[in-house]
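As a starting point, one isolated chain is supplied in C-alpha cells, in the form predicted alone.
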C-alpha cells in the first residue's frame, strides 16, 4: 500500500471525544500577560521543587548552514546574564544545595534546576535574568565554541554508535531538518559567531515562546504570584517565527547503512521507520505506543521472546517509539545478533515478527496487559518531581495540550486491537511501499582480514566443474 506524502499528518487530529475520569497529575495552569505559559504540579512529599523553562525552539528551527546554533545558545546561557557573571548561575545553584542542567532537542531547548523550595524565588530571578538579558563576554563565546566542537568529537566523531545514529537519521530524513544532528555538522559549527547566536536568541528567546513548569512542594497560587512578580515584567518577542520546515520528497528505494568499527564487539541491526507523532495524529500515535509496549516492552515482549528466548538468534531485541515530535517521528526496531549468528539472519527474523503483527494483529490479552502496564507507569510517575515536569515539557513544546498529558491513560484505554493492526499495516509492513521507506542499518565489527593471495593454494577446477560467480551484496554502504 502506497502511503501518500504526509497524508497521515492530516487525518483526524482533532477527533477526540470528551475525556472523563481522574487526571494523572492535577496540574494547574496559568498564562501571564506577556505570553509566558505556566504549569504547576503540586507534590508535597518533600520540601523540594524542580523548576524548568522550556523554549519552543530547537535544532530543526535553525537557519540552513548554521547547524548547532540552538545547542551553542544553550551553552552560552550559562556564560553571563543580567546580574550574573559567567559561570555564576550554576555556582549559585550548587551553593544553595541544588543542581541544574540544560538540554537541546530538535523541537525545544530546556533549562532546569532542582532545589529546596525556599530558594525557588532566587532561582526564578536568575532564570528570568537570562531569558531576555543574556550577555556573555566575547572571549567566553569563542571558548564555548571550542567546547561544543570538543563535545561533538567525543560524543559523535569518536563514538561509532553516535556516528551510526547520525548516518541513520540523515538517510531517513532527506531534505528535512531532522536529518541534521542537533549538535550540528562540524564544518558549520566551526564558523558559528556571536552575531549568529545573538540573532537566534533575539528571534526565539522570550516569554511568549516559553513554558515555565514547577513541580514540587508548592501551590499554583504561590507560583503564579512569584511568576507575575519575576517573569511578568519581561517584554515579549515581537514576532515568533512560524515553524515552516522543508518537506522530504518521495523516495523510491530503501537505504541500507553499513558501518564497521574496531571498537564494536557486538553487532547491531536497526531499522528506522518514519511514523506520525502525537501532534500529527493522536489516535495513530496512541496505537503506536501500544504496539511499542507489546513488541518491545522488556523481557516479555514479542521481539525479545521470539528472537532471544525461542530462536536464540539475538542477545537483545526491542522496539522504541517516541510520540513527542513536531513533525514526523521515528519508530525503531533493533537487535544484537547472538555469537555466530549472521546479521542478515537476524534482520529476516525481525521482519518476520513485523509480518505477523501486520497480518494477525495483536490479541485482546496482549492489548489489555499492555494497557495495564502503561497506565500503571503513568500513575507511578506521580511520585517523581522531575518526571512530570519532563512529561509536560516534552508534550507542550511539541504541540500537545495539558489534557493530553492528564488524560493519557484514558486515551490509551480507547485503543482497540483493530486500530493497532491497522496502524501496523499502514506504517510497519516490511513488504509495503512508502513515500518514505524505512532505513536499515548494520553497525558491525571490522571484517575478517583477507588472506594474502600468496597463502592461498590454487586448485584448478576439473573440466566438468560448473563455476559460479558470487555477486556483491545488494546494499548501499555508507560509512561516516
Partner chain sequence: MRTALFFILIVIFILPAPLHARDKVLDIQEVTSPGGIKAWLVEDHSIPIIALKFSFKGAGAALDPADKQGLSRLVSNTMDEGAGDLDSQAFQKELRDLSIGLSFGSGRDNFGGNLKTLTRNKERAFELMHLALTEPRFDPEPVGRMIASNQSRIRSSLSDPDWMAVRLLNDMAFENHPYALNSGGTLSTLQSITVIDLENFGKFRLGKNNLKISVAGDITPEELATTLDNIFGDLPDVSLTSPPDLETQNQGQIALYERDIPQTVIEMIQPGIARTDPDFHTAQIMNYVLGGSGFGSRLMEEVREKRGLAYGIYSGFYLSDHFKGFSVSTSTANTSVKQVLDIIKAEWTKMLNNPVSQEEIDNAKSYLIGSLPLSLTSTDSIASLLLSIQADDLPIDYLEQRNKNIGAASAEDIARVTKRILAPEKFVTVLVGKPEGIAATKTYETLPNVE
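Numbering follows the first chain given and starts at 1. These numbers were taken from a predicted model, which means no experiment stands behind them.
The form predicted together with the partner chain is left out here; the points below concern that form.
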> in the predicted bound form, which of the listed residues (98, 177, 136, 393) lies with a heavy atom within 4.5 Å of the partner chain?
Replying inline: 98
> Of 111, 173, 205, 304, which one comes within 4.5 Å of the partner chain in the predicted bound form, counting heavy atoms only?
Replying inline: 304
>> Using a 4.5 Å heavy atom cut-off, which of 164 to 172, 140 to 148, 249 to 257, 220 to 228 contacts the partner chain in the predicted bound form?
In response: 140 to 148
> Given that the partner is absent here, does residue 312 sit within 4.5 Å of the partner chain in the predicted bound form, heavy atoms only?
Replying inline: yes
> Is the gap between residue 279 and the partner chain in the predicted bound form 4.5 Å or less for some heavy atom pair?
Replying inline: no
> Is residue 342 a contact residue for the partner chain in the predicted bound form, using a 4.5 Å heavy atom cut-off?
Replying inline: no
>> Within 4.5 Å, heavy atoms only: does residue 424 come near the partner chain in the predicted bound form?
In response: no
> Every residue in 94, 264 and 376 with a non-hydrogen atom within 4.5 Å of the partner chain in the predicted bound form?
Replying inline: yes
> Though the partner is not shown here, which residues of 379 to 418 have a heavy atom within 4.5 Å of the partner chain in the predicted bound form?
Replying inline: 379, 380, 382, 383, 384, 385
